[in-house]
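Presented below, as structure tokens, is a lone chain in the form predicted on its own.
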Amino acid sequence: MGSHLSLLDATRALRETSFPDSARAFFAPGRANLLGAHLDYNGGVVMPVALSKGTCAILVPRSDGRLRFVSANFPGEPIELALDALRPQREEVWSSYLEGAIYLAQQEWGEVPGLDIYVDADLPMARGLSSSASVQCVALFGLARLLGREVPVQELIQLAHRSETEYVGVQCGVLDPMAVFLGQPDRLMHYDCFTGEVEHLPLPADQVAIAVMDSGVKRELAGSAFNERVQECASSFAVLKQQIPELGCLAHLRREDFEAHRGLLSAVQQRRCEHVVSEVARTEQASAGLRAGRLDVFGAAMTAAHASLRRDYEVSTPELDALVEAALAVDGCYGSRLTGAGFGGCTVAVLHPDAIAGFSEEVPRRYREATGRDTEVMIFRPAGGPAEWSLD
């Protein structure tokens, strides 16, 4: 699907031909993290934004206690099973994320009806844009509405997180469903992973477009390398905590304390801490920039973050570097960096909407010249959280 609107139009057209009057449609966005790279597990600030593309789910109650899942994104036979057949890690199938949401809802809310669920998404999958969280969030949001339940958003966030960790079996943080559920139009979320405090900063869609580019390099090392980085930071914190007892998390490490004690750390640990300390400073600078309407300051912090991810955190690749360079060469681009864990995958850029056409043509051309690889530019706008769509 080309845009949020076209997904809505397709859903309405499908409703007219294929679904009864009892059908209801819901939407949940994807998300991209623009700043605060690898700060979530270090207790720092992360700055995600909900995206204008995501997942639509049409829910139709049925009276026989069975579930039927159909996806426009995974053509083939529907997946069908009884409600009482839901089990954590039952089978590795695309519907697991929907199953997990229903299973957790049963556990927490009591009786859930049988359902036909049709899912369609205009959000690219496995690109670091939280497509799985989008699916779980739309299912939980829609199910709560269908049951007429007033569920606090924090409960929905926790259920979505548990759905992925307990039912699907993927160990991940709570940031993705939080960014999806708490997204606001024309806003970026400023989330303190240590205190849990949330603030929404201005990111006006008439001044900012969000571009995501796929390097075409599979993130085959991302899982193991991510675990290594987590451990390197944890071991660094353990060493520094002995010297600085009041240190609550690695992201609270002050520059002067780091310099005073860096000799106790290995060369690798020093580089990881350098990234964390400098990234904390960048999130502070970028936040101040957004509050002042200085998108150039925010973009510069993104670009500096990429340099740190390449040099100090060592999670970039030549292809990711080439994509960032290609983006920065286009007039109207405020800043760019790799997104996600690194070692392949995607980069993200913020640019002025007037630059979209030139950016979409120029970046693939420059990337092909530099690497021999092709890429496409996916354009998003800052968006709100889940919603019910009128099908009339």
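All residue numbers refer to positions in the sequence shown, first residue = 1. Note that the structure is predicted; figures quoted are calculated from it, not measured.
What comes next is about the form predicted in complex with ligand GLA, which does not appear here.
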Discussion item. Please pick out the stretch from 358 to 366, 30 to 38, 323 to 331, 52 to 60 that is in contact with ligand GLA in the predicted bound form, where contact means heavy atoms within 4.5 Å.
Written reply: 30 to 38
Worksheet item: If you check F181, F258, F226, Y118 against ligand GLA in the predicted bound form, which one has a heavy atom within 4.5 Å?
Response: F226
Worksheet item: Of these, L175, I157, V297, L146, which has a heavy atom no more than 4.5 Å from ligand GLA in the predicted bound form?
Response: L175
Worksheet item: Taking 4.5 angstroms as the cut-off for heavy atoms, does G340 touch ligand GLA in the predicted bound form?
Response: yes
